[in-house]
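Shown below, as structure tokens, is a lone chain in the form predicted on its own; questions about how it binds or moves come after it.
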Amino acid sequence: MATEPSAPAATTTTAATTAEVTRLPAFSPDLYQRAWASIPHPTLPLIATCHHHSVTVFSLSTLSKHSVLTGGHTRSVRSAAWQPPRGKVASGNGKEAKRLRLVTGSFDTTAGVWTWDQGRREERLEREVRLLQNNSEGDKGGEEEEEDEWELTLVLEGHENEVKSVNYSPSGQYLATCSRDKSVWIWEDVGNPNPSSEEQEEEEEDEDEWETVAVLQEHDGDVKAVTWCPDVPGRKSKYAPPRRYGDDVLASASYDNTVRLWREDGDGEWVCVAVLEGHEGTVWGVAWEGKPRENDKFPRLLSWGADEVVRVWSLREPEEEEEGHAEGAAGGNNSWGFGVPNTMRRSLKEEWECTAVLPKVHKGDIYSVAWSTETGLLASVGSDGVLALYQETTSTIAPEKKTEEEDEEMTNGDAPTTNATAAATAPGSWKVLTTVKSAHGPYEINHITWCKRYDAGSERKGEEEMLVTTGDDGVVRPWQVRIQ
């Protein structure tokens, strides 16, 4: 059972921070139809936008169309995900680019796996790298034939209703899909089990074979989104509780107002290990914190939805009194809370708590929130057409005052620690830095994401971040963010 954020005695300190969000020229051409989401590639200057029955891939170097995926779906493409690099990726030294894959989720109940054309892939990707290096305007011709450079190599079937979200695990070994049929499916890539083996690179490159390893049906409503916990350096450091966090954890958000966390148990079965409750309406999405930050409770999770609220969740440290929990289990008492299914194993139980609720800005459903891995800033958009930017403050927590006897006992006769040196810093509340009203005119904004800048106006190509919003007007809009 999730708990509400507590309010410890603390002094909040923030730097004199101001933010300016400036509209940049939109990606061209306009799509002139509702666009659902834009997903940046993890390493290449590409971003894929879902719309109608297609996906348009834009170049982040030229802010123009790079290629189109079409002909594979009979209804709108709602979501997409790039497969993380599992072999060689694009480079400027003439090496072959491997495993450039994009998976799409559609209202036609299927997910499609797309592959960049073998014959043209290397040449085009190397040209993208040259664009970001020398700021070339690129080749504007040949756009019609570019639409044939993507091949639909596999169709994943099984869902009974619209596929709402698709997401690869950080290793690329697993793929999660979710649907209006209330289920989450987990698929495993069995066609390329050892992508790092150079001896097998040639024969394994174009094998697309996925196997269903789990069908999770514990949500009571339409499942809106799935996302895997990121794999980051130091994930087993002091910032992450041991055995409690890894890139094998999946989060799902649902129409049933909850977020559920899933992981594989010792028997190879995927089970629900936590249910996050607190939203008073549909949970439209979830997002993990990208990397540990000093003094935060990593990993943390965001959720947002129809109740116009953004919540921050933290994993509660396991308590030392495990005997009490074991006795409760032996006595048959259910400490999970009402409505939590029996498949949740006590040995894998995770306690999550809501540690923050962001200031309320939106007047309508919040459709998308993006958490910057680089700066820690949050950005949100929704049905009201507002773009909001948030920053987390830090809190200095005052230490508890102790008697002289307690000090002597705790220090074993050594010099006691003063209250001034015992003070600690911890994550605090969030503040709104700025808002942009009518960011897409009168239209709803369906998605927002952070991505790297590679365009001509960037001062630090490949390092500077920008925001990209996607709306009902068919416009994919980049935004420059300056923090002072």
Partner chain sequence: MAKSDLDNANPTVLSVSQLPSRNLAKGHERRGPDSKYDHILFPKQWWAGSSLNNDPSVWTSDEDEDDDLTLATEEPIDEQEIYGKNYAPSGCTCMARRNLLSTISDPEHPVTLGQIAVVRLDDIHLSPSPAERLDPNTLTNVEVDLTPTVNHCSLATVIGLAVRVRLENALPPNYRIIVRMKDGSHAQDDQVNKQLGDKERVAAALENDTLKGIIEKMLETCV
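Please read these numbers as outputs of a predicted model, since none were measured by experiment. Positions refer to the first chain, counted from 1.
As for the form predicted together with its partner chain, it is not shown, yet the points below apply to it.
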Of T434, T70, S64, T43, which one comes within 4.5 Å of its partner chain in the predicted complex, counting heavy atoms only?
T434
Between the options R78, R263, R101, R300, which residue brings a heavy atom to within 4.5 Å of its partner chain in the predicted complex?
R78
Can you say which of 159 to 167, 268 to 276, 308 to 316, 350 to 358 gets within 4.5 Å of its partner chain in the predicted complex, counting heavy atoms only?
159 to 167
Verify the contact flag for R180: yes if a non-hydrogen atom of it lies within 4.5 Å of a non-hydrogen atom of its partner chain in the predicted complex, no if not.
yes
How about D248 - does it come within 4.5 Å of its partner chain in the predicted complex, if we only consider non-hydrogen atoms?
no
E289 versus its partner chain, in the predicted complex: is there a non-hydrogen atom within 4.5 Å?
no
Using a 4.5 angstroms cut-off on non-hydrogen atoms, would H219 count as touching its partner chain in the predicted complex?
no
Heavy atom contacts to its partner chain in the predicted complex at 4.5 Å, residues of 446 to 473 in sequence order:
N446, D472, D473
